[in-house]
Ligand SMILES: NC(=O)c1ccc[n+]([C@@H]2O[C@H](COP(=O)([O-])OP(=O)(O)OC[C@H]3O[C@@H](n4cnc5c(N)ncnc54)[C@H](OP(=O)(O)O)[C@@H]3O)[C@@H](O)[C@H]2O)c1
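Starting off, we have a lone chain in the form predicted alone, written out as structure tokens.
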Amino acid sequence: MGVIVITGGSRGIGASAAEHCAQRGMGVILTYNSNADAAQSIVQRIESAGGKAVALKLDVADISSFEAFRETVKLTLQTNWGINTLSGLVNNAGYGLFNPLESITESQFDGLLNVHLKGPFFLTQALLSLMEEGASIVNLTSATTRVATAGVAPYAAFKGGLEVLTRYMAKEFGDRQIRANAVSPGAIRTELGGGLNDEFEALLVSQTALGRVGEPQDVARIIAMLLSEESGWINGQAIEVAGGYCI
């Protein structure tokens, strides 16, 4: 089924997606920024289950490193799988920041911009030459683009930009049969933004039709599906995976 790249694959949704994709027979190149041990743990879990994965270091905010990363991916594909192309890219890496509009600093604003919009834009551009005809791109956005949540305005704005960018990717890459879709998680039990305390989780549960917050695997299954042939006629879409949040 080919080899995919998942950014931010050492924890949370990215790690779960890496495992689900490997279970479907995909080779996985997962990236990490600082926690090499966590990334290697995911690789070992995938390989102990019969899959194949490699962890590579990448800071998605460092645009200048993308050309070298592309060459590393190219070498990794040849060395580990004996191929030269990617079948998928998941722009997942990210972090949360809770801060009201009135107190956001320019540095905080730029940090979120670089990771959540600028990084995915230029990483996709850098890896495009390695992507095979019929490949699939999945961009992780957020339900905060639909339901305003006080304190996350820059994060939500850039995720909204990534959702728009997804449609343009689908339009411009269509001549190569490359699909692009966005997955928009609701409240998920991960470490993003410091995780969920009991009070906040209870509030989110009360606003969700299915009566719970999501788990990483709830989103990972959809990512894996969008990278698979069964979703071959889904393109340019934003799919909210939130259990019926604020409907």
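All residue numbers are counted from 1 along the displayed sequence. Only a predicted model underlies this, so the values are computations on that prediction, with no experimental measurement involved.
In what follows, reference is made to the form predicted in complex with the ligand, a form of this protein that is not presented.
> Heavy atom to heavy atom, is Y155 within 4.5 Å of the ligand in the predicted bound form?
Y155: yes, in contact with the ligand in the predicted bound form.
> Heavy atoms within 4.5 Å of the ligand in the predicted bound form: does T190 have any?
Yes.
> Would you classify A61 as touching the ligand in the predicted bound form, given a 4.5 Å non-hydrogen atom cut-off?
Because a heavy atom of A61 falls inside 4.5 Å of the ligand in the predicted bound form, the answer is yes.
> Under a 4.5 Å heavy atom criterion, is N35 part of the interface with the ligand in the predicted bound form?
Contact check for N35: yes, within 4.5 Å of the ligand in the predicted bound form.
> In the predicted bound form, which of the stretches 109 to 117, 173 to 181, 71 to 79, 146 to 154 has residues with heavy atoms within 4.5 Å of the ligand?
Looking at the other structure, the answer is 109 to 117.
> Would G9, A93 and P185 all count as contacting the ligand in the predicted bound form, using a 4.5 Å heavy atom cut-off?
Yes: each residue has a heavy atom within 4.5 Å of the partner.
> Listed by sequence position, which residues of 138 to 168 have a non-hydrogen atom within 4.5 angstroms of the ligand in the predicted bound form?
Going through 138 to 168 in order - heavy atoms within 4.5 Å of the ligand in the predicted bound form - the hits are L140, T141, S142, Y155, K159.
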